[in-house]
Ligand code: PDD
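Here you get one chain, nothing else, as structure tokens; it is the form predicted on its own.
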Amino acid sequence: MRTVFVNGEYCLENAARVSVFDRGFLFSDGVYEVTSVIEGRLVDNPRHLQRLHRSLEALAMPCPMPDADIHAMQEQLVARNSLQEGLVYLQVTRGAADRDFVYPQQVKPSVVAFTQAKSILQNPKAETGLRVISVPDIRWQRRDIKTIGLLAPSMAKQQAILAGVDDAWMVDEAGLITEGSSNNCYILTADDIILTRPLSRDILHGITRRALLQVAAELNLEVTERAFSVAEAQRAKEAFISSAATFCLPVTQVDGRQIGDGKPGPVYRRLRDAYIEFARESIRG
């Protein structure tokens, strides 16, 4: 049984409690971060905490703890749960108050964190690839805020599972791919240019995306940040995704159409290997 963190206290998961009046429960009024763990160490965590502040500021929500205390708490959870590889989930909500649409004043934010064991480095999909379908993007217009309001991407993911595939790529009203259910999306064109949608309010500003583009530059791979369509993805030489939970994984099928030769491509493999090296360097300090 895992040890979790709830509002300043460590406890066993079956003893964890939050108020029924917590605004995260009532309004999805909260934000979160997920930091990957390899070799028992947090990967690229300072950037995740930077994004946490960005999300909190967008919702006029105070940060409940100094960054050093948050980081120490995350490390403590990793240690208490003997986590070698997986994730640390961190959630901050506005706090508990009687139900009202107006932001309550002088309310202490709620903080919850827990670990999840997960195979990241040896993910079998790294070798076989993901099959995805396209679905309409029905989310709100501030997708750059990492909120806990995740029903729309959860519905997209469930639609993919019911279709017998691995994930869904969401498509805007112009027919252009925004992102996956929980990841940023990329394709490699016939001219060997990596395309990924530019940062805006339309997509989450992925921390792994940021590092992956840095790695691509170091590998002298050409990247253009522009949106692309489902048809472009189907014609691509390669396709792949990035996220903290997966690092970088290949996509081998979109809406039933095989991408390239249907196998993970060489550019993806170079990027994944280079990102794993980046992750290992980040945990060495």
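It should be emphasised that the depicted structure is a prediction, and the values quoted were computed from it without experimental measurement. Heads up: residue numbers just count along the shown sequence, starting at 1.
A second form of this protein, the form predicted together with the ligand, is not displayed here; the remarks below concern that form.
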query	finding
Interface membership of residue 166, the ligand in the predicted complex, 4.5 Å heavy atom rule	no
Proximity of residue 212 to the ligand in the predicted complex, heavy atoms at 4.5 Å	no
In the predicted complex, residue 32 touching the ligand (heavy atom, 4.5 Å)	yes
4.5 Å heavy atom contact, residue 110 to the ligand in the predicted complex	no
Option touching the ligand, based on a heavy atom within 4.5 Å in the predicted complex, out of 70, 249, 244, 233	244
The single option of 125, 197, 139, 157 touching the ligand in the predicted complex, heavy atom within 4.5 Å	139
Contact stretch among 182-190, 77-85, 93-101, 128-136 - heavy atom within 4.5 Å of the ligand in the predicted complex	182-190
Within 4.5 Å of the ligand in the predicted complex: residues from 205-219 (heavy atom criterion)	206, 207, 208, 209
